[in-house]
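Below you'll find only one chain, the form predicted on its own, shown as structure tokens.
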Amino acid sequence: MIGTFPRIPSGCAISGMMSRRARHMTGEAVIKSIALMHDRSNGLGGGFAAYGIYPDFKDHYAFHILYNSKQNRIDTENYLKDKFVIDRCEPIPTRNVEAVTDPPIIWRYFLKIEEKNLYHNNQLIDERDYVVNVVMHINNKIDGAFVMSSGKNMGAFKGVGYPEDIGRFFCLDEYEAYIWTAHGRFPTNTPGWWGGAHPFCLLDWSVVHNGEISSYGINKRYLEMFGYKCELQTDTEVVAYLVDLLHRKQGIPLDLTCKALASPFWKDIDKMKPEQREVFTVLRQVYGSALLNGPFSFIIANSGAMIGLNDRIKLRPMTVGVKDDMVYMASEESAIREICPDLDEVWAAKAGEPIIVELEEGVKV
């Protein structure tokens, strides 16, 4: 007998929007976009990343931190005082939302680094490496404390709930940003908890993800060789760290960084022209442990760019739309047209081919 079966979406929802001229927008539009894909979530995770939200502290590292208890906060703040100058610290503003229950303690810190702290064994270390080490220490060594984001002039807002409820909880309609990304989570093989919601961030990198990283184990072990620690109980965490390692630390261009994460198949490399074949052969051989397997579509952002990337056979959807200087990416075209019905261009992202959108030349943030 033929019955009626419920619609089973392909897990999770992602949405992103960027002004290439760095025009600021409130969080209302991105909340509306991600809310349209409500059925892709199950209420166990929602979150947002926003860029340009702290113009008065744009030269500070803005740490958003979750705490399980007041003592966890005290322990973390004692550690932060030893590592930074804390110019301002406060609870992140929230409002009561009936659907968001039992939130942790959530604070933000605006931090500067004294140059003397950057010397280790009489050698000057990169301040971004210094910040990464602090994040790794908090997440791994201080019980009940988890860093949501740690970049300059940006922040992550995430928790357990549907994304539209999380957006209202964090008052995102009162923030203005030139890049917004959003995620609605449908956890499959990892727990739904406040620290495990998307986005995952490190410095000014943020990642939202629809799908599953089946190569998580080998990616995690590879990252640990370079001092990264994966403790947030969600496979997507490795993506933020891999992008930081390959692009920031090792200087690989963004397009090749994406190609390392979603490398062409060997059969396709064999068909390339000699110069191109040599590049991708080296990429596969050197960065094989950074290759991401499994079904995925990502939106990756930093202060100057928004990047869309699908897995190599496109097992998860992604649509891209353009209107004037605005670029939109989402799991469904309807989520873009909900906030911008009159698009200049719209297309489906191709398997393994990154869409890299950068600020217009000369635009400063």
Partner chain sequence: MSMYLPAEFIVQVDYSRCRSCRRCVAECGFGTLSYQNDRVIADHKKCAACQRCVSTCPEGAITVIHNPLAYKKNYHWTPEHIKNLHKQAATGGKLLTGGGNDKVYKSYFDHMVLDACQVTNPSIDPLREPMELRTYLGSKPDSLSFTCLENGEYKLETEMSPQVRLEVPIVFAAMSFGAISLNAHKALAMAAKECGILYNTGEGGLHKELYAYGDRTIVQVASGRFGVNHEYLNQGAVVEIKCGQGAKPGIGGHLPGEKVNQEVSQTRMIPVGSDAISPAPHHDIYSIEDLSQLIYAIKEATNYEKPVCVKIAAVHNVAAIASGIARAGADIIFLDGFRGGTGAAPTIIRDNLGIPIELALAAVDERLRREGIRNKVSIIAAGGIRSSGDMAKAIALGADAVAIGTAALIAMGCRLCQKCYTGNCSWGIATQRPELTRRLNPEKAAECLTNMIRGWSLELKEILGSLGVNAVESLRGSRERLRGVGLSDTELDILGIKPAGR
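Residue numbers count along the first chain shown, from 1. Here the structure is a predicted model, which means the values were calculated and not measured.
The discussion below concerns the form predicted in complex with its partner chain, not included here.
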Checklist entry - in the model of the complex, which of the listed residues (140, 133, 214, 78) lies with a heavy atom within 4.5 Å of its partner chain? => result 214
Checklist entry - Which residue, 323, 312, 337, 60, has a heavy atom that falls within 4.5 Å of its partner chain in the model of the complex? => result 312
Checklist outcome for this item: Partner contact check in the model of the complex: of 276-284, 162-170, 105-113, 124-132, the stretch with a heavy atom within 4.5 Å of its partner chain is 276-284
Item to check | Non-hydrogen atom contact residue 88 with its partner chain in the model of the complex at 4.5 angstroms | outcome: no
Checklist entry - Does residue 144 make contact with its partner chain in the model of the complex, using a 4.5 Å heavy atom cut-off? => result no
Item to check | Distance check, residue 174 to its partner chain in the model of the complex, heavy atom within 4.5 Å | outcome: no
Next on the checklist: in the model of the complex, is there a heavy atom of its partner chain that lies within 4.5 Å of any heavy atom of residue 288, even though the partner is absent here?
Outcome noted: yes
